[in-house]
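Only one chain is included here, represented as structure tokens and corresponding to the form predicted alone.
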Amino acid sequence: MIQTVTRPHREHIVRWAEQRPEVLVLSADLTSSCEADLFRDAYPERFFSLGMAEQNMMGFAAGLAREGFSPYIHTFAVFVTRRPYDQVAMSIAYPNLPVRLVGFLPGITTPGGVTHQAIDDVGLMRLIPNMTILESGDATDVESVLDVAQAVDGPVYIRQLRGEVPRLFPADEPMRLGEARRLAEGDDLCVISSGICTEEALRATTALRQRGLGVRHLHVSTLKPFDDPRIAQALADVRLGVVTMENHSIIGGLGSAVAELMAEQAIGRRLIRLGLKDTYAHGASRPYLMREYGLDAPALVRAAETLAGKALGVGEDDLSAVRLGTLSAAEKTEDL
């Protein structure tokens, strides 16, 4: 049974910032939606609500960073990447300032449709020099990503989870910069997953192993730099091929990073990328969208069957259960 933690970022950032007076939080009129309301109440002198003016907020954060502060921008992922892209690149990344961009509702974690679904943010931020990209996949990642970001000498973009978040990894095994989590070992198939897709991959890998398929599974939380040597080794060591799973377009994100790595190191394996295939998603529940666009456990089973060249006889009943209780009352607040 997977434990579910409600709004882990909301309380953790208050505790984490207590002994770090240089940490400031900036909000773009989405304070409660981005779980910054407790920080606002606990440290009102360290909180700035700058309204729906994201371009201005980037310049404001850059100025704070130049004065020795550690600003943590809180807004939806689309509004921290697409809308103020030039300001992020020129005001923050070009001078390599320690501004932390915390983007909520990455990918299809929102029913808000194309205006709120950040399906291209990783690709955009990977293009920016000096930018580090981190992605939380569970409550342990959420509770440790701030330590990782704070230790980076330069700007950081965080794909952050909110609301009800599963705890997939032990609380005493925090996220580490540039290190993938090795979740399973096998010699047939390598699965590389990130974000919310890791929980879906875990639903399928046990059933695949029960069908005699050796699955090597790695969870990636550092999307840039993408230089963990264990990833390349895992890709090279399996015989059938590689499947990537990401809550993002297959263009520019995790799948592209893996493809680039395989090409550069001449790793001759077939690659199947699971994610949004050069399309926008429409507004609907997360389970529906993951099923509709092939980001879920059954999609991984189909990819494994393609690489194995045979049906594996894995049905929906063979997969681990889906967590119940998505979109709690706390998560619905200011959902869009």
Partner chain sequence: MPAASDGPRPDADRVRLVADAVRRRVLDYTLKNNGGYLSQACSSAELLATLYLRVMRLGESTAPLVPQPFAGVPAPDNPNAFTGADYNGPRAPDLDRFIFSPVHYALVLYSLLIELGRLGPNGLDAFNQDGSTVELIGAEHSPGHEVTAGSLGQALSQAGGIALARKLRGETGRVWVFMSDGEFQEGQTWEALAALAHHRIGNLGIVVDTNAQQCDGAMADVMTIEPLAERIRAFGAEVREVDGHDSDALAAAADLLPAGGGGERPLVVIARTDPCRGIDLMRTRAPKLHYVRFASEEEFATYERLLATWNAAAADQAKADTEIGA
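Here the structure is a predicted model, which means the values were calculated and not measured. Positions refer to the first chain, counted from 1.
In what follows, reference is made to the form predicted together with the partner chain, a form of this protein that is not presented.
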Though only this chain appears here, would residue 287 touch the partner chain in the model of the complex if you measure heavy atom gaps against 4.5 Å? no
Would residue 225 count as touching the partner chain in the model of the complex under a 4.5 Å heavy atom rule? no
Heavy atom of residue 53 within 4.5 Å of the partner chain in the model of the complex: yes
Residue contact check: residue 153 to the partner chain in the model of the complex, 4.5 Å heavy atom: yes
Given a 4.5 Å cut-off on heavy atoms, tell me which of 238 to 246, 119 to 127, 159 to 167, 95 to 103 is the interface stretch with the partner chain in the model of the complex. 95 to 103
Using heavy atoms only and a 4.5 Å cut-off, determine which of 30, 281, 308, 64 is in contact with the partner chain in the model of the complex. 64
Which one, 171, 90, 251, 263, lies within 4.5 Å of the partner chain in the model of the complex by heavy atoms? 90
When you measure heavy atoms, are 6, 37 and 43 every one within 4.5 angstroms of the partner chain in the model of the complex? no
